[in-house]
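One chain comes next, on its own, written as structure tokens: the form predicted on its own.
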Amino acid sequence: MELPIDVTRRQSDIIIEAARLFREKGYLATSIRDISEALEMTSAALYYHFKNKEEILLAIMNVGLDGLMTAVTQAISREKSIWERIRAALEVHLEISLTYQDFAFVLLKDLRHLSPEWQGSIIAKRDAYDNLWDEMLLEGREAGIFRENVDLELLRLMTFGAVNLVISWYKPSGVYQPKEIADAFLEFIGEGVLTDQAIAAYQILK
């Protein structure tokens, strides 16, 4: 597997294997020895590339966030309409998260294990990504896509909550592929799941 940003080949091996182990065993239960043995290298050789386990965790999070930001930014730059940019961003977010499920899991679960200073650097990157989405959603409202009374921050939070949960159940061999999941999600939040008859009969959403 190739990582979406540039690191050395050996660093890439360590980052990928550590992400897998952190997801499967948990960050606290995974030792440097576990990582080095999985890679058939000595702990001393691993320390040549990373000073400690926390530095590996930081690298995983930086790779994950930088790769996501780069991929989404490139995808939306190719689209003209704001709706197509939102659609492309959601599809790429899902595709990256599901292609690199170990990274996505670590990003969601292990921030608390970083020192406050390093937490701050990751939170700043995460906020920059959130701001990218906030700007798109605001542009969508200004273009008349979203109702004026829709809380756009809550919409983003709920969207990320649903999309990020996909990593817990998605299987490449399953019925749905990332693009199909993204399209279905957009349909659900856009057109809804209730028929006009149901809304009228039960006065739903009134």
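On a predicted model such as this, the values are computed, not experimentally measured, just so you know. Numbering starts at 1 and runs along the sequence shown.
Another form, the form predicted together with the DNA, is not on view; read the next lines as being about it.
Participant: Though only this chain appears here, would residue 41 touch the DNA in the predicted bound form if you measure heavy atom gaps against 4.5 Å?
Facilitator: Looking in the predicted bound form, residue contacts with the DNA include residue 41, since a heavy atom lies within 4.5 Å.
Participant: Whether residue 165 contacts the DNA in the predicted bound form should be assessed with a 4.5 Å heavy atom distance threshold; does it?
Facilitator: Close contact is absent here: in the predicted bound form, residue 165 is far from the DNA, nothing within 4.5 Å, heavy atoms only.
Participant: Residue-level contact is defined here as any heavy atom of the residue lying within 4.5 Å of the DNA in the predicted bound form; does residue 52 satisfy this criterion?
Facilitator: Yes, residue 52 is a contact residue.
Participant: Would you check, heavy atoms only and a 4.5 Å threshold, whether residue 30 touches the DNA in the predicted bound form?
Facilitator: Looking in the predicted bound form, residue contacts with the DNA include residue 30, since a heavy atom lies within 4.5 Å.
Participant: Heavy atom within 4.5 Å of the DNA in the predicted bound form: which of 150, 45, 157, 145?
Facilitator: Going through each option in turn, the one that passes is 45.
Participant: Quick check for you: of 134-142, 174-182, 52-60, 65-73, which stretch puts a non-hydrogen atom within 4.5 Å of the DNA in the predicted bound form?
Facilitator: Looking at the other structure, the answer is 52-60.
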